[in-house]
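Read the single chain below, which is given as structure tokens and is the form predicted alone.
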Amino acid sequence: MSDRRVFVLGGGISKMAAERVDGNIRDWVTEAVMEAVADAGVEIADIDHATTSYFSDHFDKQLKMGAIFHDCIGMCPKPNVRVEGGGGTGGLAIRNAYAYIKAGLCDSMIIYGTENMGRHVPSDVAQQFIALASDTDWEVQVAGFYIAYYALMMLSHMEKYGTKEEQFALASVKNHRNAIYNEYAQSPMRITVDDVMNSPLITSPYKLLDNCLLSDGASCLIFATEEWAKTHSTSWYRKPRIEFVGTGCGSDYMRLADRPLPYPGITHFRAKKNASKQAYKMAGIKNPAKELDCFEVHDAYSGVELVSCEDLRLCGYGQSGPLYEEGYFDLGGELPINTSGGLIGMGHPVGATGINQGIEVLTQLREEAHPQRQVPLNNGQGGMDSHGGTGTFVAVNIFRRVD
């Protein structure tokens, strides 16, 4: 591997919302890109390459949307690629930026992600579009929608470890609460476990408030080598330097029923375990629970966050439920999880989600977060994981403050 080091120079987010009526998807991308360019202190004309991150062609009824975004932000005729991996799309786009710069294909890259998933289509239609990301021949015919697969996984976890519904409801309570201190978040709320437990049942054991959100929104990150940054980025000399130090990717069988026993069966995310193992090794992290200051976890459903903590080695198998009761993963706890509000509190415009996670880690490591959600930096390291399908594709990325 080359000795080129990759740094994150800046990030930008458009407001996440159930429905953005103040413009369209092109406007949100432009909004996020303009904020990232200002944060990084760079000129868009100087950036070498772009990566477009979005999940679905269905929501906008437009193929090759990336070409339109690329044009809108003034990147023509620079090179551009699209990355797509379901819910893991944004995390894979970040990994793509690392690979391209590390390989010498470019010295700088802008990645922008978005999704137009709000109320411009009815919720049942949106769920049908999303269900197309599962196996349409063998899964959709049986269960129909993603929440059914995730509900089966959680029932298995409950049976295996004794995990309680009230324990994974705590993840929803925490993430909605963290979102109160995030101006870009879609669903900031102070709620209780009883509120979650008493919200309408969707698919047992998941209730309405256990679920992530259908969102409109966009986000953007800018990456570069140290040499490029010194020449082109004014923020290089006035902001903490954040290096991209580890990345991993994993996959698993599309259908839960095909996954081997005893591990992962339908209880765990094998792809997440493999991806994090690669990322930690690259970053030189031996004990992630002790060496990371914050982590953004793909909380598509509240229980997914608990299972993910176990497969990411942030706690032992079967320990997540009791640790959520102790507040171990709360702000002020041992390892704060989803300080942004996560998918449940921040929002989930799929192509932007992983990039949102990267921006939150960047913000935390720079100590630029709202004082009520800023974590103390002990090791100056943070991580993120995003996944598509039921953990079918997973990307784990690690960042470190190096000044």
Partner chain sequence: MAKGVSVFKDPEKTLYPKLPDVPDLKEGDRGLVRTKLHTFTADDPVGPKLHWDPIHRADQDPWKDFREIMRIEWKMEITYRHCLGKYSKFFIELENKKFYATECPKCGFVWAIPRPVCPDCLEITTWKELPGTGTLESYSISEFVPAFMKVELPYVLAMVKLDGADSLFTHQLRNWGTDRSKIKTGMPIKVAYTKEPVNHPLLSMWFEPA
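Positions refer to the first chain, counted from 1. These figures come from a predicted structure and were not determined experimentally.
From this point on, the text means the form predicted together with the partner chain, which you will not see here.
Taken together, the three residues K64, A103 and H232 lack any non-hydrogen atom within 4.5 angstroms of the partner chain in the model of the complex.
Only one segment in the set 350 to 358, 333 to 341, 369 to 377, 47 to 55 has residues whose heavy atoms sit within 4.5 Å of the partner chain in the model of the complex; it is 369 to 377.
At a distance threshold of 4.5 angstroms between non-hydrogen atoms, E159 is in contact with the partner chain in the model of the complex. In the model of the complex, E226 stays away from the partner chain, with no heavy atom inside 4.5 Å. Heavy atoms of T163 never reach within 4.5 Å of the partner chain in the model of the complex, leaving it off the interface. Although the partner is absent here, Y149 sits close enough that one of its heavy atoms falls within 4.5 Å of the partner chain in the model of the complex. With the partner omitted here, the residue from Y280, F244, Y184, F329 that has a non-hydrogen atom within 4.5 angstroms of the partner chain in the model of the complex is Y184. This chain is drawn without the partner chain; in the model of the complex, the residue among R313, K78, R255, R82 with a heavy atom within 4.5 Å of it is R255. In the model of the complex, R119, H120, D124, Q127, Q128, A131, D137, W138, V140, Q141, V142, A143, G144 are the residues of 109 to 144 with at least one heavy atom within 4.5 Å of the partner chain, listed from first to last.
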